[in-house]
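What follows is a single chain, given as structure tokens, in the form predicted on its own.
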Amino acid sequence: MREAFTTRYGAAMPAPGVWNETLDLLLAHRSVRHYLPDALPDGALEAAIAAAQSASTSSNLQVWSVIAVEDTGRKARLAALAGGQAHVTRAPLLLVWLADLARLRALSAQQKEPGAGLDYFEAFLLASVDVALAAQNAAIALESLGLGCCYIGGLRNDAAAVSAELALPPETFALFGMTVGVPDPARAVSVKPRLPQQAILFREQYQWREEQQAAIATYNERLRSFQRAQKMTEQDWTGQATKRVRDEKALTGRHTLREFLARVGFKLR
């Protein structure tokens, strides 16, 4: 218990008064980018999807879908669209998680209902939240089976090409991908430390104070220590994070997403 806290935060932490195996699994999460060529165990995909469908969904609308991609050529094309991430090709399975209003739009037409509520930004936001909750449930399920995964936000770099590759209908959007496979034990990585709780946990109201600034300064040091141990380029989290949102170029093509969503039928009123 204490070791899991220390690992996650990169420093000795007081152990909480409650603990169980589920918390052990959650705090051990790490992105896995190196996989053995082994196929997934039989039933692993179906079990993960069942876990995903067990996540909360607003009003039980279930406005998400997922595409399982195993074809090597398709994975390679999607890897190129995601910025050349080689592990997208190497992973036995790539899951592409979709915000999906198309199904409910079609059902509304069948029921002779106007479906006007789908025309609002709230519907897209709802679908995005639902699919994120579902995907995280799937990730936990996969890790519980000894598998590893990595989220691929780079699929949003060229949303139009990804949509064409996957033959997506109007009012669906590939929010992110997720590589899945058996982790290569020869390329194991450690758990990356996160911001101290003092930087992100507020009581009653949001209060940005010197305490948060001090916690972030501490985190910069801890992250550098992690990078050093992993033989990574050393850089403060502060600099890394602010550069990632510095300008349009830093968004690697994603600055056009609003226009793309309009082209594929999302009304976003």
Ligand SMILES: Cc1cc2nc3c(=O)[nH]c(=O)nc-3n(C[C@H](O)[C@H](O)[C@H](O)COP(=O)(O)O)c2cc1C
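Since this is a predicted model, take the numbers as computed values, not measurements. All residue numbers are counted from 1 along the displayed sequence.
Here the subject shifts to the form predicted together with the ligand, a form of this protein not shown in this document.
**Request:** Work out which of 134, 174, 142, 152 lies within 4.5 Å of the ligand in the predicted bound form, going by heavy atoms.
**Result:** That would be 152.
**Prompt:** Though the ligand is not shown, can you say which of 238, 230, 31, 54 has a heavy atom within 4.5 Å of it in the predicted bound form?
**Reply:** Only one option qualifies, and that one is 31.
**Asked** Wondering, does residue 89 line up within 4.5 Å of the ligand in the predicted bound form on heavy atoms?
**Response** Contact check for residue 89: no, nothing within 4.5 Å of the ligand in the predicted bound form.
**Message:** in the predicted bound form, does residue 85 come within 4.5 Å of the ligand, counting heavy atoms only?
**Reply:** Residue 85: contacts the ligand in the predicted bound form.
**Request:** With heavy atoms only and a cut-off of 4.5 Å, decide whether residue 194 touches the ligand in the predicted bound form.
**Result:** Result yes; residue 194 sits at the interface with the ligand in the predicted bound form.
**Request:** Name the stretch: of 103-111, 118-126, 72-80, 144-152, exactly one has residues whose heavy atoms fall within 4.5 Å of the ligand in the predicted bound form.
**Result:** It is the stretch 144-152.
**Item:** Partner contacts for 3-20, taking the ligand in the predicted bound form and a 4.5 Å heavy atom cut-off
**Value:** The stretch touches the partner through 8 alone.
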